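Encoded as structure tokens, the following chain is the form predicted on its own, with no partner shown.
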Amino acid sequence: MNEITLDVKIAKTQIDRNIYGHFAEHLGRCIYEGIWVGEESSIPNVRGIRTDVVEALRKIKVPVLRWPGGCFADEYHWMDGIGPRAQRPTMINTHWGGVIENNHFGTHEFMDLCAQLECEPYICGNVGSGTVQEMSQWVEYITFDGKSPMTDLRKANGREEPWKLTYFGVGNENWGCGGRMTPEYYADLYRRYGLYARNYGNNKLFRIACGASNDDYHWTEVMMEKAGHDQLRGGPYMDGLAIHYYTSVKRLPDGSREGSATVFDEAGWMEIVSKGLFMDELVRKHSTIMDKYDPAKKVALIVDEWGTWFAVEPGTHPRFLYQQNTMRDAIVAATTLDIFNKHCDRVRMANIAQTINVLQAMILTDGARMLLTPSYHVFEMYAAHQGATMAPLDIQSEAYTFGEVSIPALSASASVDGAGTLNLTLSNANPHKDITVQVNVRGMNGSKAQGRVLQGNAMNAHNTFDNPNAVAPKPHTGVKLAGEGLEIVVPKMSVVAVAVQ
């Protein structure tokens, strides 16, 4: 029996919009060619930022965008990216291919992008190779509305008023590319750097500390104990603690991954889908440690890097991390978002890696051409959950088994929006079998239900520039009201979204 039971009357926890956040790093073709083409480009743009990309990202209601990295953040010196572009110094992007970074996309351009997207900026500061003064001055440059050398510099560069900046990360992966630090050392550094990332005027920063890689629970324990709470002032040192987890196959010595994004068998399908579900264990165990020190859940768990990671597409730069995106990625996206929704009392931001042309991207570009990936469509179908009230689910699912691995075939989320609409999203990880699900809805008598489905014709179904709509949502006729609930057919290897009014 495949059955889901929910009661809209006990829905009480809001799903933070920022769970549906994104991440854009100076890596490969994410920024340059993906977002930034320059004002002289023949590709339609607004002040150098691609118009088609902005329009597409606005449709999925991007709530927050993390920048400039990633590993790049801890070698980025923000003053290189301000002032007349022709006068900005170049640098070598040592993390991502040793290519020249011309710094044409800097603070002003990023804040312009966020304004065009109508999303919140999330800036990650440089702890690995930067100074306290450098970080402090960046915050001042962006947010201070008084008289100072930094505000004078900002005004000289064409921005009279300060920007609003809420989300600020104090370093990135400081256990690895951000400095190879121990948690004890980084906790002290975080307290120091975070102190000098000041609040100016009415601008209040939401400070995010670097958290653990995968299941390094010791890192979380140390951070919560040493940097989680200011005993003297009665408040947190940090507002958020970040963790990173990538769903991937074997990592090679040079940091790259094995395994194609598009050429795989059912064993490869099961490996990645099942590894994606490990996110639930990570969130639960890190949250348990955080609960010990922060039972009121004042400190948010921020999963600001997640997604699938495969070998690069043949013929592309090995450090540009350009990969295709299939129905396998769509299932991982759906099940991961379900996990975040379920734990939305603690998880209050997540940022999939990355927005364009890198890893599990929303968008791929080829010159003036652009396509939307299956993962993009999942985010569009799940957008109804943003800011809605999560309805807890009891899911009884048949198993999907391959070899020695067995997982629940079904995953789902439910929420009630401000208009009283119940939004359900469901996925079926079984690549062979359609599943009919009985959904029992308590506390609401629906009179109308409409559905859409995202499904490919194969496990590796994906969109190409020659066939950009091979995988795209379509109306779903397998939804009907039945008694006090619904009966929904969830086709094999598909994602379904249903709105009940």
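Predicted model only: the values in this text are computed from it and were never measured. Residues carry their position along the shown sequence, with the first being 1.
Omitted from view is the form predicted in complex with a small molecule, to which the following refers.
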{"item": "Position in contact with the small molecule when the complex is considered in the model of the complex, options Tyr193, Phe168, Tyr322, Trp96, heavy atoms within 4.5 Å", "value": "Trp96"}
{"item": "Sole residue of Leu337, Leu364, Leu359, Val378 within 4.5 Å of the small molecule in the model of the complex, by heavy atom", "value": "Leu359"}
{"item": "Every residue of His22, Asp329 and Tyr382 near the small molecule in the model of the complex, heavy atom within 4.5 Å", "value": "no"}
{"item": "Ala353, heavy atom within 4.5 angstroms of the small molecule in the model of the complex", "value": "yes"}
{"item": "4.5 angstroms heavy atom contact with the small molecule in the model of the complex for Asp294", "value": "no"}
{"item": "The small molecule contact in the model of the complex: Gly70, any heavy atom under 4.5 Å", "value": "yes"}
{"item": "The small molecule contact in the model of the complex: Ile35, any heavy atom under 4.5 Å", "value": "no"}
{"item": "Segment assignment from 285 to 293, 302 to 310, 107 to 115, 218 to 226: heavy atom within 4.5 Å of the small molecule in the model of the complex", "value": "302 to 310"}
